[in-house]
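Below, in structure tokens: the form predicted alone, a single chain.
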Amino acid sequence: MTLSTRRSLIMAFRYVVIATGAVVVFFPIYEMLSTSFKLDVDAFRLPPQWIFVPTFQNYIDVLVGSNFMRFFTNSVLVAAISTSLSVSLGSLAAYALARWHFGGRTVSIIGILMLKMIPEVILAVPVFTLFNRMGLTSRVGLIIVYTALNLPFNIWVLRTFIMELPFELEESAIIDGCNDFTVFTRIVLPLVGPGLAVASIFTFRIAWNEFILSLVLTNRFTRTLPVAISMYLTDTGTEWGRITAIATIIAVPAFIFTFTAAKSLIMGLTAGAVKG
């Protein structure tokens, strides 16, 4: 076997692996989209019906007959406000942990990391008990919980970005008369823009898609879109057409938000990977 033939076989094998991986990854998305355009009788067919007449009835039922705009507004408010608060507070804490030296700093850093390891499902009952007594089983309570849960991730991500910045830039600003807050807002934040994009994207997606805590902290007026999906699990059966329709609608803003900031996201994820 010649060298060129061997290289061709290796390239062909790579393409097969990539194509197989793409099919595995995108098949659930295709299945969700196709089911959202099927009638109930087609969605339950076995074997699955791959060729069918598409219908928009599921989307019409979701958008018109289920208080969709109320749930959508709740999701947008909760995700946007909690993301803004969590990233803002996380950047302040990250700057302090990256630049200031104080007693217990190492313990604080390790403790913040350990907080991220706590599964959300464990917090459902105690959080509901506490917030129910405080009267915070509403969007405000959900915003507080999402802000707190995403803080450890944001602090660790932004601290890494801040530590990559040359400290001489901040020293020069301090010599010119800037205080710590001015240095943070006018020098540090603009330079860690990719890090802010990474933190914002992941925080928004978590808050947008979270189900367990939203289920226990909301009612029929304040529930978010992921909780609204459970309305289609009825006593008479599972309405897969409407479930996949609302799931598709939920996925669209997350895709748009991610791909809009894709450049900053890639820069943020690869920052510090190459030295020289």
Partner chain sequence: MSRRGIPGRRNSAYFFLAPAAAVLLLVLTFPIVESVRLSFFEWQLRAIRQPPTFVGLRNYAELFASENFRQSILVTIRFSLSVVIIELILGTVFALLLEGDQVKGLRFFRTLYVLPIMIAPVVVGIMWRFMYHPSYGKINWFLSLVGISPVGWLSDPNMAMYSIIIADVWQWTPFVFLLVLAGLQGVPKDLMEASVVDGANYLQTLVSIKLPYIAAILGLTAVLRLIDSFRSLVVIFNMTFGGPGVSTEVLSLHLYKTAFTSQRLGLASAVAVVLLLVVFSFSGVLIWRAVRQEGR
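Quick caveat: nothing in here was measured; it's all calculated off a predicted structure. Here the rigid core means the biggest group of C-alpha atoms that line up within 1.5 Å when the two forms are laid on top of each other. Residue numbers count along the first chain shown, from 1.
There is also a form predicted together with the partner chain; it is not shown, and the following applies to it.
Only one of Ile118, Leu191, Val140, Leu77 has a non-hydrogen atom within 4.5 angstroms of the partner chain in the predicted bound form; which is it? Of the candidates Ile118, Leu191, Val140, Leu77, Ile118 is the one lying within 4.5 Å of the partner chain in the predicted bound form.
Would you please decide whether Ser108 lies within 4.5 angstroms of the partner chain in the predicted bound form, comparing each non-hydrogen atom pair? Contact check for Ser108: yes, within 4.5 Å of the partner chain in the predicted bound form.
Considering only heavy atoms, tell me if Val127 and the partner chain come within 4.5 Å of each other in the predicted bound form. Yes, Val127 is a contact residue.
Check Tyr95 for me: does it contact the partner chain in the predicted bound form (non-hydrogen atoms, 4.5 angstroms)? Output for Tyr95 is yes: heavy atoms within 4.5 Å of the partner chain.
Touches the partner chain in the predicted bound form: Met32 (any heavy atom, 4.5 Å): Met32: contacts the partner chain in the predicted bound form.
Are there residues in 13-52 with a heavy atom within 4.5 Å of the partner chain in the predicted bound form, and which are they, in order? In sequence order, Arg14, Tyr15, Val17, Ile18, Gly21, Ala22, Val24, Val25, Phe26, Phe27, Pro28, Ile29, Glu31, Met32, Thr35, Ala43, Phe44, Leu46, Pro47, Pro48, Trp50 come within 4.5 Å of the partner.
Is the shift of Tyr30 between this form and the one not shown large enough to count as movement, that is, does its C-alpha move by 2 Å or more after the core is superposed? No; Tyr30 is a residue whose C-alpha shifts by less than 2 Å between this form and the one not shown when the cores are overlaid.
If we fit on the core, is the Cα of Phe52 displaced 2 Å or more between this form and the one not shown? Yes, because once the rigid core is superposed, the C-alpha of Phe52 moves 2 Å or more between this form and the one not shown.
Could you tell me whether the Cα atom of Val41 shifts by at least 2 Å between this form and the one not shown after core superposition? Yes; Val41 is a residue whose C-alpha shifts (by 2 Å or more) between this form and the one not shown when the cores are overlaid.
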